[in-house]
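First comes one chain, alone, set out as structure tokens in the form predicted on its own.
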């Protein structure tokens, strides 16, 4: 199992590195460039026109490597396909959002209601499917206590909420060069180790492959970024992370594994609520919170490193909680 995961990671890294090199000039030729939000930090204005949709590198390289090295047993393949179906379903939503932005020539894409409606349907169908599988079911693991909690009828609505929330949180975290891709690299390898502990080999291979895809994408996305993943990539990652956690019966570990994704959403909600309550005042310089740090004088690369080190520590804690 470990060997297959390692091979999948390396194959996705090599394939992603080549795919990124081929994709970059195509995106330039098609003029698929980023339209910077008018209220974004001043330092971001120079990023106008940077190619987006680079998330295809992670998705395609990871999927191909997973298929190449997975074991073809019925249950393992069904879990792997469910994992990627949810991830690619969210990728299509992100792709539509990116294309809408490109056509309009501005930062706004699909409306939040449009995205939320389709995401909810996807997450709902996925949660219903999971609830009916013997390998998943309606029980979830309680970290550190080595106990299970059967959610019963609450399982489907709660898992739907977890999936939609994680997907949109990943989307919010994608705001600095190399931020989401580096944090997700750690998240996926952690989820892969959890798959080893749970004996879910094919799912572990899928997670390892996406770790390799993120590593390859960082070759083009690390500061200063030559390519952005766009909503195409961020929603794919959010869907994949949440899918893996649900299939592992470990949604509670997302509090640790996806900490910075969730903090992006929490800081956004706090900012909005405080702004409304105080009639225009802000608790953060800018939300999500990584922009607060940026406007406080921290360099992008330093923020990414802070997030990466914190994620590493929290993921180690998550593994201890599951062991």
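Note that the coordinates shown come from a computational prediction; the quantities given were computed from them, not determined experimentally. Numbering follows the first chain given and starts at 1.
The same protein also has a form predicted in complex with a further copy of the same chain, omitted here; what follows describes it.
Among heavy atoms of residue 245, none comes within 4.5 Å of a further copy of the same chain in the predicted bound form. When a further copy of the same chain is considered in the predicted bound form, residue 198 lies well away from it, no heavy atom lying within 4.5 Å. In the predicted bound form, at least one heavy atom of residue 305 sits within 4.5 Å of a heavy atom of a further copy of the same chain. Residue 18 falls outside the set of residues with a heavy atom inside 4.5 Å of a further copy of the same chain in the predicted bound form.
Here the marked residues 80, 171 and 254 all miss a further copy of the same chain in the predicted bound form; none has a heavy atom within 4.5 angstroms. Heavy atoms within 4.5 Å of a further copy of the same chain in the predicted bound form belong, among the stretches 70-78, 236-244, 126-134, 210-218, to residues of 210-218.
This chain lacks the partner; the member of 164, 140, 203, 185 within 4.5 angstroms of a further copy of the same chain in the predicted bound form by a non-hydrogen atom is 185.
Residues are counted as partner-facing when one of their heavy atoms sits within 4.5 Å of a further copy of the same chain in the predicted bound form; in 209-227 these are 215, 218, 219, 220, 222, 223, 224, 225, 226, in sequence order.
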